[in-house]
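A single chain, nothing else alongside it, follows as structure tokens in the form predicted on its own.
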Amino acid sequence: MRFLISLCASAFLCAAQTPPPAATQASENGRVVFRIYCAPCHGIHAQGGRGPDLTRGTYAAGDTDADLHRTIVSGVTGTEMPGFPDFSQNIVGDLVAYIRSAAQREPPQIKGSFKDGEALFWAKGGCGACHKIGSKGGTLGPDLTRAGRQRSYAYLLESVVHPDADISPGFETITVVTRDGKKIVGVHRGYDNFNALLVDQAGKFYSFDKNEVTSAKQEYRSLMPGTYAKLFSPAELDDVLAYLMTLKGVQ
């Protein structure tokens, strides 16, 4: 009798933990589509990259299925998230199913002290000279006000240690050599067949007509120095990352 009760209980638990076949198939279909269209920004396992980490189960544009559906179809104004209006309802539904399945994970374990990390960010690291948090800081680099909500821990770590690994759109490096031999290096503010617009590290804005300079080129590298792995000790780096992960913007 005890064996039968145990067997029935085990069968019930397995049934409860196993999603319906239709849901499983939708999630699998969504995974395939996600890897083609979404992984370049959100990572192959949806854990974030240039785009937000989707495994947390909470999203800046809304947490309901309807919110996710709208975000996929229409994109998010003011962000790098494009819309996919040509996706069928079935494809969008499959993507939502996959995102829901990917979110069923434990949150990353964050080491370090965010209070110590905040002090390191603004003082020793001098990060505020280029990065803005809220109303404080510079604008030469990406705004980090919502870094902890928009980026995964792994992506932020790589951005600090290897800033050239993935350049956020609009923050490429532009180098201009004027006709008198002066070399000006800055962050992209506009670049096409005719003009080069940039801001240098002192915050000065330049606009050049390409026909009036010796050379102008755009490079997919960051002006951020790749020396923070040496500047910060491993413990200090943990602190800085802990601080960045607390940045969620206006709640």
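So that the term is clear: the rigid core is the largest set of C-alpha atoms that superpose within 1.5 Å between two forms. On a predicted model such as this, the values are computed, not experimentally measured, just so you know. Throughout, we count residues from 1 along the sequence that is shown.
Only in words, not in the display: the form predicted together with a small molecule, which the text now covers.
For the candidate set Cys38, Ala26, Leu198, Ala216, a heavy atom within 4.5 Å of the small molecule in the predicted complex is found for exactly one residue, namely Cys38. Shown without its partner, this chain lists Ser168, Ser74, Thr175, Ser113 as candidates; in the predicted complex, only Ser168 has a non-hydrogen atom within 4.5 angstroms of the small molecule. Site residues Gly137, Ala154 and Tyr206 are none of them in contact with the small molecule in the predicted complex, judged by any heavy atom within 4.5 Å. In the predicted complex, Val185 stays away from the small molecule, with no heavy atom inside 4.5 Å. Looking at Glu80, you'd find a heavy atom of it within 4.5 angstroms of the small molecule in the predicted complex. Residue contact check for Gly190: none of its heavy atoms lie within 4.5 Å of the small molecule in the predicted complex. Although the partner is absent here, Ala97 lies well away from the small molecule in the predicted complex, with no heavy atom inside 4.5 Å. In a rigid-core overlay of the protein, Gly148 has its C-alpha displaced by at least 2 Å between this form and the one not shown. Core-superposed comparison between this form and the one not shown: the C-alpha position of Asp65 differs by less than 2 Å. Positional change of Ile36 between this form and the one not shown stays under 2 Å at the C-alpha, relative to the superposed core.
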